[in-house]
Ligand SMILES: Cc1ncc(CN)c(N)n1
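Only one chain is included here, represented as structure tokens and corresponding to the form predicted alone.
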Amino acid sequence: MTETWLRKHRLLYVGATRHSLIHAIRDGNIDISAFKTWLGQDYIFVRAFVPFIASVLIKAWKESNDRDNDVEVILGGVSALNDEISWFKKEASKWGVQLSNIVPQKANQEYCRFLESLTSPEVEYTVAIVAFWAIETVYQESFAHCLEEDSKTAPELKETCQRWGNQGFAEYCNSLRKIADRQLENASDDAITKAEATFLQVLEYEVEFWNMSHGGT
């Protein structure tokens, strides 16, 4: 099912994973102020991501079987968040970004509200895991693009790209995708429709998030 969606919505997916901000990082000509904006805003987003992943973990615990290892896979994402938050703080210090002074911009506020809506017990596990997979995969695909052999990514930004563009994270995203596909295979038509709509919403929010770093709201 996810492969079908990726083909069907290719234009929007490419817009989210090959955004002009990513191209600017890859080509070595990014305005560093745009990178700093992204850094501060994404720190806020990651903190909002914590309760969302926790809610997905609870849904997995309630609805998946032990043999599927869903809980273990998602728990790996939860445990990685502490390190990720510490990384953001370290990077912010390096770049002179005062995280305590960051005010979430409109696109970020809307994305965080969307995440919060997905924590509701009424949101099915299938829908939530699709959102989780999509969010993580956009970053993996985007930053992996900046690590390709012909990229001109500045040395001081390679650590950022490596954080999400590495092979280990790609394998993790693939594990989430397998869970999503298994859930979709057994889901009702209504749940599949909701999941696809959620997938599209994630891509749209991701595009707006990248846009925000270029001076949008």
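Residue numbers here begin at 1 and follow the sequence given. Treat the numbers as computed from the prediction; the structure is a model and nothing was measured.
Below, we refer to the form predicted in complex with this ligand, which is not included among the displayed structures.
Enquirer: Is Y139 close to this ligand in the predicted complex, meaning a heavy atom pair under 4.5 Å apart or at it?
Expert: Heavy-atom contact with this ligand at 4.5 Å: present for Y139.
Enquirer: Going by a heavy atom distance of 4.5 Å, is Y111 a contact of this ligand in the predicted complex?
Expert: Yes, Y111 lies within 4.5 Å of this ligand in the predicted complex.
Enquirer: Heavy atom to heavy atom, is D42 within 4.5 Å of this ligand in the predicted complex?
Expert: Judged by the heavy-atom cut-off of 4.5 Å, D42 is in contact with this ligand in the predicted complex.
Enquirer: Please tell me whether any heavy atom belonging to E84 falls inside 4.5 Å of a heavy atom of this ligand, as the geometry stands in the predicted complex.
Expert: E84: contacts this ligand in the predicted complex.
Enquirer: Would you point out which of 99-107, 68-76, 131-139, 118-126 contains residues with a non-hydrogen atom within 4.5 Å of this ligand in the predicted complex?
Expert: Every other range fails; the passing one is 131-139.
Enquirer: Run the contact test on F35, E91 and A154 with a 4.5 Å heavy atom cut-off to this ligand in the predicted complex and return yes or no.
Expert: No: none of F35, E91 and A154 comes within 4.5 Å of this ligand in the predicted complex.
Enquirer: Quick one: name the residues from 194-208 with any non-hydrogen atom within 4.5 angstroms of this ligand in the predicted complex.
Expert: Contacts from 194-208: just E206.
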